[in-house]
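The chain below stands alone and is given as structure tokens, in the form predicted alone.
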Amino acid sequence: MTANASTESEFFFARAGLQQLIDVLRTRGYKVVGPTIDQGAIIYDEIASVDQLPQGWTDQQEPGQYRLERRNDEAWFGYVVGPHSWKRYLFPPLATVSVADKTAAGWQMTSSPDPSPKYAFLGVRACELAAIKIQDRVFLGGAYVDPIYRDRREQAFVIAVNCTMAGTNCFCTSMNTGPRCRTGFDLALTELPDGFLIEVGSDSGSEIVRELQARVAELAESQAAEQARLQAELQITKKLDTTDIRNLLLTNLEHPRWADVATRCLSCTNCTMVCPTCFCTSVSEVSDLQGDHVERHRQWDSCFNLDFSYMNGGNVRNDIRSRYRQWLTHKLASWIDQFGSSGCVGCGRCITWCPVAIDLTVEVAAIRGETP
């Protein structure tokens, strides 16, 4: 290693190397999923070429607002986060959990017939790495393991991308989840004008790097990457005071702010659908016309739906006040009791995609008695 080099855990490849990375992963049988533009938003979908990435585009976000704008450069990852999260690939919105077929010997039950895709996720942000870690705890960490999530998660190859800019609704620094990618990835990229700094996070990542036209990063490249990452951190202005937040919320269940937010909330479920950690589901059984084949489907649901709390002949939460309170207190308080961490990673999606611009950081501040 030369005196001008960084450490051998950091590598560098030119911009043309990104296509090579995609090609190597596809050759290994991965479906590469990355950011692309569809219907005026940056979403995640299967890609085969860098031409499908949102090159030269960024997202401008405010509470209740999202729009794309052109950048003044050709960056591929010069945006924050869109309405999709990686949850849709690890914990799909609709899944077949079991199948029953009527045979001469009686009903035969089998588990999910759907094969588990082998995904490579390209462009995972630090807050999203934290969200995946939280869902690992939910679906893999207890006595009952979700087999669909487990099979998809075990095969996933994660390529993180460090943020070099922040959005108005980002508050990951308050949740200690970003913007720097530190763990939970196979490879982590930092985009620079002439290429990418690569950090290796696993043995699988090392194998991939060996197939790329990458070299050990120079000290100047490591320093430039560090400055780019610092720039994102300095841009974050939204804060959420998490001091004793569990007790704050659970001892203020009758605070007048819950009624206030209920006059604005539409109970539309947007916040839970875009959240990278929410995991509420419902189950339905669908049969063919003859009644000889039945499938049990699991689909995403939301605690904001009236029927979600239906039990014992009635609804437990029959007004918006109680449903919003359930969501926020679970996310920021009782989640800690269940899983040992907050259920929020500070990505700001729930703020951006709320049609009436409800901001949970403002709601918590109001319950603290601070001026919203």
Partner chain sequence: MNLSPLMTHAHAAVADNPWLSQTVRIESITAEIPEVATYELAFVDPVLAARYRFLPGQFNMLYLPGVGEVAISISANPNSRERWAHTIRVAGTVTQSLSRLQPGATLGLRGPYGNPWPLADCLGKDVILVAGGIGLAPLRPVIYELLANRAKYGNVTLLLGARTPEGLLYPGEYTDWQAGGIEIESTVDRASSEWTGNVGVVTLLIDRLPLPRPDQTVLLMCGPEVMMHFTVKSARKRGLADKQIWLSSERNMQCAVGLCGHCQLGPTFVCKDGPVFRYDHIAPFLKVEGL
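Just so it is clear, the structure is predicted and the values come from calculations on it, not from any experiment. Positions refer to the first chain, counted from 1.
The next section is about a form of this same protein that is not shown, the form predicted together with the partner chain.
Taking the partner from elsewhere, no residue among 31, 66 and 222 has a non-hydrogen atom within 4.5 angstroms of the partner chain in the predicted bound form.
Interface membership of residue 175, defined by any non-hydrogen atom within 4.5 Å of the partner chain in the predicted bound form, is ruled out. Of the heavy atoms in residue 216, none are within 4.5 Å of the partner chain in the predicted bound form. Contact check for residue 322: a non-hydrogen atom falls within 4.5 Å of the partner chain in the predicted bound form. Mapping the unseen interface onto this chain, residue 86 falls outside it, with no heavy atom inside 4.5 Å of the partner chain in the predicted bound form. Across the options 189 to 197, 165 to 173, 143 to 151, 73 to 81, residues that bring heavy atoms within 4.5 Å of the partner chain in the predicted bound form belong to 143 to 151. Among 98, 242, 116, 269, the residue placing a heavy atom within 4.5 Å of the partner chain in the predicted bound form is 98. Interface residue among 108, 206, 237, 231, judged by heavy atoms within 4.5 Å of the partner chain in the predicted bound form: 108. Along 246 to 267, these residues reach a heavy atom to within 4.5 Å of the partner chain in the predicted bound form: 246, 250, 253, 254.
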